[in-house]
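A lone chain, given as structure tokens: the form predicted alone.
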Amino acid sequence: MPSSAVVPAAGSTASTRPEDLISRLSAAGGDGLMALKAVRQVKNQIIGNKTKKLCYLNLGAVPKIVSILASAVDAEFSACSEQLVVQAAASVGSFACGLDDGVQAVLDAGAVPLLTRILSSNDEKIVDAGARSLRMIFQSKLAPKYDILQENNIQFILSLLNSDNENVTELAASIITHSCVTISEQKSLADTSVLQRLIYLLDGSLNQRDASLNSISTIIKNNPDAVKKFMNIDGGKAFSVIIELMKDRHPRTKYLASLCLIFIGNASQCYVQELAIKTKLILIVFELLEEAGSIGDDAPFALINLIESKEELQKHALSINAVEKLGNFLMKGSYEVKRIQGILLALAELCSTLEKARCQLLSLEAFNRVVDSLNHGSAIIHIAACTCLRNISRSVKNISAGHFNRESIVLPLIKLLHDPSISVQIAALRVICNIVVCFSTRKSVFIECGGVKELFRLSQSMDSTLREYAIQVLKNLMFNADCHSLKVVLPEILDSSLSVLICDSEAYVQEQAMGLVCNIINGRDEAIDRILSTGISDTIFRQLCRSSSNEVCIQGMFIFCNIACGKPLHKDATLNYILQTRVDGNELIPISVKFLQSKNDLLRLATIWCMLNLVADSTVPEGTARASKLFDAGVAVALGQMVDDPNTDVKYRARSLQNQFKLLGFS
């Protein structure tokens, strides 16, 4: 080799390999300079590099760096120690920045108490490094929550807010945003000078301003008392500041200021009365939807907060083409899941009450995109799309027009009934509940697509809500069903576990099951014969006797009311049921008389209607005999107390039945 050749020093290349740096961190011991160089090199490698972060996490770098930080904090803070604290704190913050695994490793290593401790240092660089790192940690949901109800923690937050260090004040705001969740925690902060200090920071740097707005929105969200205190500070001057910040050129500032105004307006209409402000808020949200990242993802949820359950404001949003604009955003496609979810839910909110909004969305190409969202890969999108379709399908006009009576909608909904998420299954069932109710002769689309089989499967689910909605869909499917639908569904319904569902452990499932029986009967003698012959009527009567739910008893009596509309044989069967006696207190009285004495208006009314149906053919001997049995059972006595019933319907039906008895000579 020529004498002039340069030979690399042994290990010079290997010294920056993660494995070698980890070894140097371990071997540093009391050598502050070696530790400083190793920590600095790790920090420089992981900044903005997720792959490197994961590599160092797997090699156990975080506990070693936190250990070095602890040693440096406990030292005399020589020049090397001070630099080491700064570099180690910065490294810890870098591991926590945007990576939950990094945050968890930092927390497990016990870094938070150390970083909190160095905030009291006299060295501004050390304080700055500690505050930056803690702020990155508190941006994660994994970060520990400060108990804001404790006075010492409130004082600690206030001390941070009063700091002259920008990163420290931002840290305080981050802690508030992360830790303030409950109404009592909001009150605890609002009762101190925290709000005043946050308002003061609105005049600070861009970062301080945004952090302050975020904390203010956290404290006042859904809390009218906190909003009132905020508005009373300095005569409400902060409100004017936020109005101006809503027009700021920075998207995040604009978004956070708008969110504060929305929460203030939700607390009381008197604070945000001007239509111009509300219009501006709506328009700003649509501007923010254009933004990349979290601002654009969060924007549709701000719109939902603004218009939710406010019909007049929804109408105003409609007047400035909100449905069309949201539809256009949906058509653009390639957004993050959260943004698509928000757009779908915003459309759902606009369609929740306004028929005009539903018609507008149905007329747009975006409606097909809503339907396509049923096939998306995310459960969150499935639920949002189902919510939107359910609100659109609240319109009988739109359902009757056949907008939902097509396989492109029905098949994906049936497919979602197999989704591993129960929430998705429930969301799909809630849409199907609406779209089958008014199909009349076109219910066959759902039946032919295999929907009935899935409903029977879900009606036997371990989840009571799934059982309830599955039965509710069957009930709606049987509402005014045509002969073809009835022939397909009826045998399966009656031969399935309908009796089990009528006796379900949950009252609301029992109620839906009985409602299904009502719709099956609906004046059909064949169906009544099947109900009586299969023992389902016996099951219903047993539930009437044992149930404490008025709703279940009402549905049960409406079933017998429908059976009593049938043939004489059906009427006699009904009479035998409702005249059976049960112990009520110290008395043995017929269950029908017990229901006539109920405090529930609808139960009394259903019982009287049942009796009216039983004596409707009283001109024939069988009808007279039934009237006689009712009279002898004490029904007339109960009616005497109902002719002046406070409920008008009950009063008139009671008088009708009483007159029927008189015509037959019973008095």
Partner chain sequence: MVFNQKKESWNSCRSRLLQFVSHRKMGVRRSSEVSDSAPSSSVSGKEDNSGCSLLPPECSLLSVGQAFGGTQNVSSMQKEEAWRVNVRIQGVDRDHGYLCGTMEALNVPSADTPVVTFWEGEIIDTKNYTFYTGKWEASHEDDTRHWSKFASFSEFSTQVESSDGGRSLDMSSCPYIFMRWKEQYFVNVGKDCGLTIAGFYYVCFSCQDGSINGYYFDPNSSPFQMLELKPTHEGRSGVGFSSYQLQ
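Numbering follows the first chain given and starts at 1. Since the model is a prediction, treat every value here as computed from it, not as a measurement.
The following text describes the form predicted together with the partner chain, which does not appear among the structures shown.
The candidate spot formed by Arg40, Cys80 and Gly110 is out of contact with the partner chain in the predicted bound form: none of the three has a heavy atom within 4.5 Å. Segments offered: 503 to 511, 150 to 158, 267 to 275, 288 to 296. Contacting the partner chain in the predicted bound form at heavy atom distances within 4.5 Å is 503 to 511.
Screening Arg546, Lys487, Lys397, Lys247 for any heavy atom within 4.5 Å of the partner chain in the predicted bound form leaves a single hit, Lys397.
Contact annotation: of the candidates Arg390, Lys229, Arg209, Arg197, the single residue with a non-hydrogen atom within 4.5 angstroms of the partner chain in the predicted bound form is Arg390. The partner chain is not drawn, but in the predicted bound form it has no heavy atom within 4.5 Å of Val66. A residue is said to contact a partner when one of its heavy atoms sits within 4.5 Å of a partner heavy atom; Ala61 fails this definition for the partner chain in the predicted bound form, lying far away. When the partner chain is considered in the predicted bound form, Asn480 lines it closely, a heavy atom lying within 4.5 Å. Using a 4.5 Å cutoff between non-hydrogen atoms, Ile414 does not count as a contact of the partner chain in the predicted bound form. Residues of 553 to 583 placing a heavy atom within 4.5 Å of the partner chain in the predicted bound form, in sequence order: Ile554, Gln555, Phe558, Cys561, Asn562, Ala564, Cys565, Gly566, Lys571.
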